[in-house]
Every structure is written in C-alpha cells, then in structure tokens.
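Before any questions on how it binds or moves, here is one chain, the form predicted alone, in structure tokens.
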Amino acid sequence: MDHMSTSTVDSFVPYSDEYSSNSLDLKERIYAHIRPDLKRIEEEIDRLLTTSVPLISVVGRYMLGSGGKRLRPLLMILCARLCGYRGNRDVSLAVVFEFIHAASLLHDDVVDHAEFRRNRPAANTIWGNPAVVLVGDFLYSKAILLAVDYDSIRILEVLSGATTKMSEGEVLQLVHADNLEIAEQEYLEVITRKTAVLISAACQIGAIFGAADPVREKALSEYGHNLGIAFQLVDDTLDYTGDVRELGKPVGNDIQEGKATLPLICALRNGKPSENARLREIFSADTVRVEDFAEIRDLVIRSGGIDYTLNLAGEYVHKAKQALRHFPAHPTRDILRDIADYVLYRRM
C-alpha cells in the first residue's frame, strides 16, 4: 500500500472541504448518464429474487430494496461498455456483484449484532440470525450460478478469487476486533480485502466481458482497486462526521462495534499520552455513550485524523483516475472519472 508518486500527469491535490461543493453537480451528471442502467439493474434484481421459497424473496427484497447505490453492478456495466460491449446481456452478470455484496452485508450484520442498516432495522433483527445467514448463503450461491451461465473460466477465476479474499478479510477483521493497536498497514489490508477486491473484480470482469486486451483489463482492475480503498476510507471518516439520516446507521457505529479505523489510528499516533489513555478507556468500555463518542470525535478531528484519512483517500482516487489513461476520450471514461471524484466528495 505504498503512497503514490505525484510525478504523474494531473498531479494530486490534497482534499479540501471546498471540493465537497462539487458533489451535487457530480451526482447529477453521473445519474443523468446511468439512470437507464440503474433501471435495468433494479428490474433484474427483482426478477432474480423470485424463488419458490417465499422467505428468500422477502428477506432478499428487504435487503436489496433498502437504498443501496448499486455501485458494483454499475461499474461492471460501465467498464464493459468502455471496452466496447454493446448489448443487454451484461445486466445479469452485473447483478452478481450486488448479490455478493448484499450477502456479505447480511453476514456482517449477524457477526456485528447490527441493529440498523440503511435507516431501517437490520434484517437479522426482524427474521433472526439463522434465516439471514441462510439467505446470505442463497445470494452467494445464486451469484455463482449466474456467473456460470456466461461460460467463461476467466470470469469465474476472478470472481472466486475475489470472494476468497473477501472471506479472508472478514476473518482478519474478526482477529482485529477490539484491537486499538492495529497498525495502519493492517487496517489497509482489511479494507482492501473486505471492500476493494469486489469493486476491483467488478471492473475487471467488465473488461473481460467487453473483450479488453490484457493491458486494459489490468488498468480497470487497478481502477476498481484504488476506488474501493478510497470508498472505504471516506466511509470511515463519515462514521465520525456524517449524519445518521445520510449514513443509514448510527454515527459512531464503528466505535460501538470495536473497530479501530484509520481516523482513530491516526488520532492515537498524534495524540498526547493523556488523550490516548482516555481514548483507550472509552474504546474498551462495554457501551460507548453519546457524550463519550463526542469526546472521541473531537479528539480525532483535532489530531488531524479526518484530514489525514481524506487526503489518503484522495491519493487513491487520483490513482484510480490515472488508470483510465489507457483508454481514449469517451463519455463512459468521463463518467468513471466522475464516479471516482464523487467517492471523495460524497457526504452520504
């Protein structure tokens, strides 16, 4: 996870709050381009969730109808289009990534004893852990079955490699639960496996489906890898600075679940001994009160933990955009660049 060099074209500019004013324009431009694809994805998800076992459909639609961004299937479709694909057969393959993502969230919520997901009660609080785990298993299995229909060993290799790494990431996160001494490199390894590998696989498989040459396939894999890391870094700052109505889960959720993310790691690195002692005291408590979290948030902000994390996210966004230099000017390439920027500027 080496930091990028700024000797490339379009040198990296550190994150600044003034950039966030661009987010609405970016969001409108992106959605104007992707709206037809979003509609296709939603219709395909609904179609594929129809099964002879009603509970699967009910839980699946509850989870997948709760306002997800559909980032992964959209990226797969956009990357295939950038590589020359023209047609409608891409949508079932794209839904593979939303099913895998949803399955991982269902399993996460069980492991983390989560109470909310996207502003609604988590599925496990309604149907119980056994049902949610089994529906997650169904979504994983359905995703593999859909991928098999495309009769491509290469697609299956990339997909199975990604899901294996995701599972390793889940175990790594469990190993580091309640570990306030986790190093930055260890944290980056967890988020790479938990978040970046699936986004990278969506982009790479889009390239494979679009019959890209190896150079462009690798470029889109790198785009997704760097975008995924940036996405999670920004997500981890929003746990301190976001709004519950935007996040869809309580602010401070990571602290409650015993997850030391980069803003907190940075605060410990820069904090005074007395401040660090207080952080450890709050972090190790069975329950973190609202006033305790406010204290942690103030320490994290004062230490530069938010700024450091956002600047690092900016570096990864820059690397993602640099990977697109392997493609000629094209509206789809521009939208992929906009998506990378929006990942950094977003507040939700």
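In this text, residue numbers run from 1 along the sequence as written. Model, not experiment: these values are computed from the prediction.
There is also a form predicted in complex with a further copy of the same chain; it is not shown, and the following applies to it.
- Between a further copy of the same chain and the residues Val91, Ala131, Leu268, Leu71, the one pair within 4.5 Å by heavy atoms in the predicted complex involves Ala131.
- Contact annotation: of the candidates Gln256, Thr237, Thr163, Thr195, the single residue with a non-hydrogen atom within 4.5 angstroms of a further copy of the same chain in the predicted complex is Thr163.
- The closest non-hydrogen atom of Asp151 lies within 4.5 Å of a further copy of the same chain in the predicted complex.
- Proximity of Leu55 to a further copy of the same chain in the predicted complex falls within the 4.5 Å heavy atom cutoff.
- Looking at Glu170, you'd find a heavy atom of it within 4.5 angstroms of a further copy of the same chain in the predicted complex.
- Put simply, Ala211 is far from a further copy of the same chain in the predicted complex: not one heavy atom of it is within 4.5 Å.
- Looking at 201-209, 260-268, 118-126, 142-150, the stretch with residues near a further copy of the same chain in the predicted complex, meaning non-hydrogen atoms within 4.5 angstroms, turns out to be 142-150.
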